[in-house]
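Given as structure tokens, the chain that follows is alone and in the form predicted alone.
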Amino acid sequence: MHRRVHRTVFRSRAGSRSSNWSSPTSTSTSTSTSTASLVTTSCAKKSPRTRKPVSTNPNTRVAIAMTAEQNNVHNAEVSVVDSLITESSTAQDEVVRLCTGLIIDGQLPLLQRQLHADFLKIPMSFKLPPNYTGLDASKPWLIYWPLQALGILDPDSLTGDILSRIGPSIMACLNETEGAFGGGNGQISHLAATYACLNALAIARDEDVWSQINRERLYKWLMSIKRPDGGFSMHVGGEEDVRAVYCALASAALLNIITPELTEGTAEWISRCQTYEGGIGGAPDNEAHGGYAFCALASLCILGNPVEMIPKYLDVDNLLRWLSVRQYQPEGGFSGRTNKLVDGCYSWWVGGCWSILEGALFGITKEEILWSKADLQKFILCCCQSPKGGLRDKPGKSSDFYHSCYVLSGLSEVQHRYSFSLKLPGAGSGEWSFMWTCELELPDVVMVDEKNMVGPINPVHVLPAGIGERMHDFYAALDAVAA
């Protein structure tokens, strides 16, 4: 059996939690042939910059752009022969077969915008099929996922009629005594549900509904599930993991209620979740996972200046090694764990890690990339679009709202380059995650057809650009008046 897996090679020493990095070598490819020409109000296209020479400063990590000759070497087939046939290896071979059957070198299908938009509007029409009753505890997610996807795919489809119904539907999940939200009417307060509810309300942009949230009660509830070791539980008596940390911090940032009391010991707890592989597990001593890696990085971006927080609390060299082997060839997509198959949702969970790291740490130019955006775009457009509408895990799987949300968010990451920009030297708690800017990626990094463009996002909160900022500013203004 022959298995071909993309590996990005890094020339770096075993890193401690230090800012003294050596320079890695990025092996990325660009295969599409379209052109990008979209300018949005949230993310204006800037003038092309000239290519900068690779830094020789050992204290600055710089990704080295590949020459055409290096690209040819990278694209050469390298097979690792394993004579043991297992269920996993057979599944991998089948995924490769299905993906290669859809991928045509030098050609990309168009993003079926209207087909996917029609699919994403299904939850708004009260016409969910009977099998969705099994997701009764996920009502907020069934609102947030399609809203986030439509917000970057077809924002004009989010009409006033649709947006006006979000507030009452979400507020029906509110537990008034605790100020937090459950997964459905009358269900217990839960961090994941609270995160999804607040994100949905942010997209709805209804300030009258925002005013109904009792932030004091919600803060007390967050403190009730804060653990002595610095982590958070998903609900009272629930599991402690890095998802809970991210959901708690992201929610508190939107509501402008982050305090030193709330965040005490949290960064240290996140640090203990990094594994021997370099990735990040759900809790200390757990297996490294792409979703948890994003939650950890995004949480550090909320806790403070990510330029300082990430290298202080994570072994960046080892994290880069682990992330680099998540992208497979010939598929072009990401896997979430070691020896797992590619999955479209990791276009966001792993792709989002790369965008945060590129934007916060490396100071690299747009031409110098750490992973292959072109290959990920190829995987998304060729393999993740369902002919019935919506986005999917991979060929052979059905589309759903979860994958539609995170595959399209991953496509946004491909098409834009995000940068952390310290706007306020004296920034306070909760403001750090709203200091991200973006610009369209250059065509020599990834060629994008204008018809395939989606909108930019906030790479920490997973919301259309400007949406989370507006909600945070609303509550910050209230607090300024009260002070």
Partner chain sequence: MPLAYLSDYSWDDVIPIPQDDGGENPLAPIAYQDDYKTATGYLRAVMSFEEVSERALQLTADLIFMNPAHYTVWTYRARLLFALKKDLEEELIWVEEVGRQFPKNYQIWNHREVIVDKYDNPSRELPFIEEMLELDSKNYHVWSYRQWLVRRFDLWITELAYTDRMIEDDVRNNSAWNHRFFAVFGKGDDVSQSIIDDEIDYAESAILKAPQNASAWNYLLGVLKCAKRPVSEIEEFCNDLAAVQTTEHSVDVDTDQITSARALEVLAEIYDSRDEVDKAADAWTLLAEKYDPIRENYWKFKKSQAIHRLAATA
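Quantities reported herein were computed from a predicted structural model and do not represent experimental measurements. Positions refer to the first chain, counted from 1.
The same protein also has a form predicted in complex with the partner chain, omitted here; what follows describes it.
K.L.:
Can you pick the stretch from 211-219, 387-395, 101-109, 162-170 whose heavy atoms fall within 4.5 Å of the partner chain in the predicted bound form?
P.N.:
Within 4.5 Å of the partner lies stretch 162-170.
K.L.:
Report the residue, out of Trp145, Trp348, Tyr313, Tyr292, that has at least one non-hydrogen atom within 4.5 angstroms of the partner chain in the predicted bound form.
P.N.:
Checking each option against the partner chain in the predicted bound form, the one that comes within 4.5 Å is Tyr292.
K.L.:
Taking 4.5 Å between heavy atoms as the contact cutoff, choose which of Gly359, Gly231, Gly151, Gly183 touches the partner chain in the predicted bound form.
P.N.:
None of the other options qualify; the answer is Gly183.
K.L.:
Lys226: heavy atom within 4.5 Å of the partner chain in the predicted bound form?
P.N.:
Judged by the heavy-atom cut-off of 4.5 Å, Lys226 is well away from the partner chain in the predicted bound form.
K.L.:
Considering non-hydrogen atoms and a 4.5 Å limit, does the partner chain approach Gly265 in the predicted bound form?
P.N.:
Outside the cut-off, so no.
K.L.:
Does at least one non-hydrogen atom of Gly179 fall within 4.5 angstroms of the partner chain in the predicted bound form?
P.N.:
Gly179: no contact with the partner chain in the predicted bound form.
K.L.:
Using a 4.5 Å heavy atom cut-off, state whether Gly281 contacts the partner chain in the predicted bound form.
P.N.:
It does: once the partner chain is placed as it appears in the predicted bound form, Gly281 has a heavy atom within 4.5 Å of it.
K.L.:
Which residues in 298-329 have a heavy atom within 4.5 Å of the partner chain in the predicted bound form?
P.N.:
Residues within 4.5 Å: Asp315, Asp317, Asn318, Leu320, Arg321, Ser324, Val325, Gln327, Tyr328, Gln329.
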